[in-house]
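Form predicted alone, single chain, as structure tokens, below.
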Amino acid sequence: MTILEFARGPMLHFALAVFVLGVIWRIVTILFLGFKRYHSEPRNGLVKSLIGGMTVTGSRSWPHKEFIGRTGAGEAIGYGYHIGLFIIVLLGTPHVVFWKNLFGVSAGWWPTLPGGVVHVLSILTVTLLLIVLIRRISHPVLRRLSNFDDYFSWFITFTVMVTGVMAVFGLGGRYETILAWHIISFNVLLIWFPFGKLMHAFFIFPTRAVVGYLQSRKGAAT
């Protein structure tokens, strides 16, 4: 068995199992925590509270104008590389083929972007990830707040991106070898995903919605 066969075979299957079971475990444990019981009379009804939750989900996804001068650049960089990752993973032709083979579905209806566009986005996303790391290291507050989780999550995401770019442009060795390391790094990301801060992909919008709902229920302005 070659390293590529191992990466796209047993290791991928193991990583997918850990990812799925880990994500389910994290979500179930959060749900079992339950919600704090409020004994006061709700100020708003269910519908208005739900609308409040949805409103907060959107309004808290971008800084208020009072703070945008200080946080706007960081927000833009964060959105930039997240959008880049999203487009590359879901609209890049090699990845669409991967998803098709993985789930056994027809990808004829699945739109893809031209290779040149994906290449430019990949390089831009790698650049933004580097800027994120430099900003985290150089910013006094971010540096103090950062821990192993932050740096390892960045490292494995960056490794997946760099090895992918290297495979596409034929850099660093034989294509099969670089592709194998790309898939291995992706597998490591899947294994790490449920246990680190990468789980924010599942939690970020639901938690904002719940906070908005609870605040609206109490009649607080959000």
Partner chain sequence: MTQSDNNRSSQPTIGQVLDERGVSRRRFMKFCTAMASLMAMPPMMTSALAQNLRQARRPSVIYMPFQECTGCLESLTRSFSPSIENLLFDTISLDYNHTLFAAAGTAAEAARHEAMEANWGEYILIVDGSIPQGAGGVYGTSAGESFVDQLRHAADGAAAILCVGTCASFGGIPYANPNPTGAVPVSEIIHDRPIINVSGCPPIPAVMTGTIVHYLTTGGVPDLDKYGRPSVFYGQSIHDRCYRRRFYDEGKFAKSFDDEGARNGWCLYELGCRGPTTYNACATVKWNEGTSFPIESGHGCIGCSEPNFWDQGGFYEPVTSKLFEDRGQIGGAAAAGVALGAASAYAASRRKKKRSETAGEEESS
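Numbering follows the first chain given and starts at 1. For clarity, every value in this text was computed on a predicted model and none was experimentally measured.
One more form of this protein should be noted, the form predicted in complex with the partner chain, which is absent from this view; the next part is about it.
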(message) Which residue, L179, V56, I191, V160, is the contact with the partner chain in the predicted bound form, using a 4.5 Å heavy atom cutoff?
(response) L179
(message) I'd like to know if L90 sits close to the partner chain in the predicted bound form, meaning any non-hydrogen atom pair within 4.5 angstroms.
(response) no
(message) Using a 4.5 angstroms cut-off on non-hydrogen atoms, would L21 count as touching the partner chain in the predicted bound form?
(response) yes
(request) Please check if V97 has a heavy atom lying within 4.5 Å of any heavy atom of the partner chain in the predicted bound form. (result) yes
(request) Would you please decide whether R174 lies within 4.5 angstroms of the partner chain in the predicted bound form, comparing each non-hydrogen atom pair? (result) yes
(request) Decide yes or no: are P63, Y81 and Q215 jointly within 4.5 Å of the partner chain in the predicted bound form, with each residue judged by its heavy atoms? (result) no
(request) Pick the stretch from 142 to 150, 127 to 135, 112 to 120, 69 to 77 whose residues have a heavy atom within 4.5 Å of the partner chain in the predicted bound form. (result) 112 to 120
(message) Heavy atom within 4.5 Å of the partner chain in the predicted bound form: which residues of 16 to 34 meet that condition, in order?
(response) L16, A17, V20, L21, I24, W25, V28, T29, F32, L33
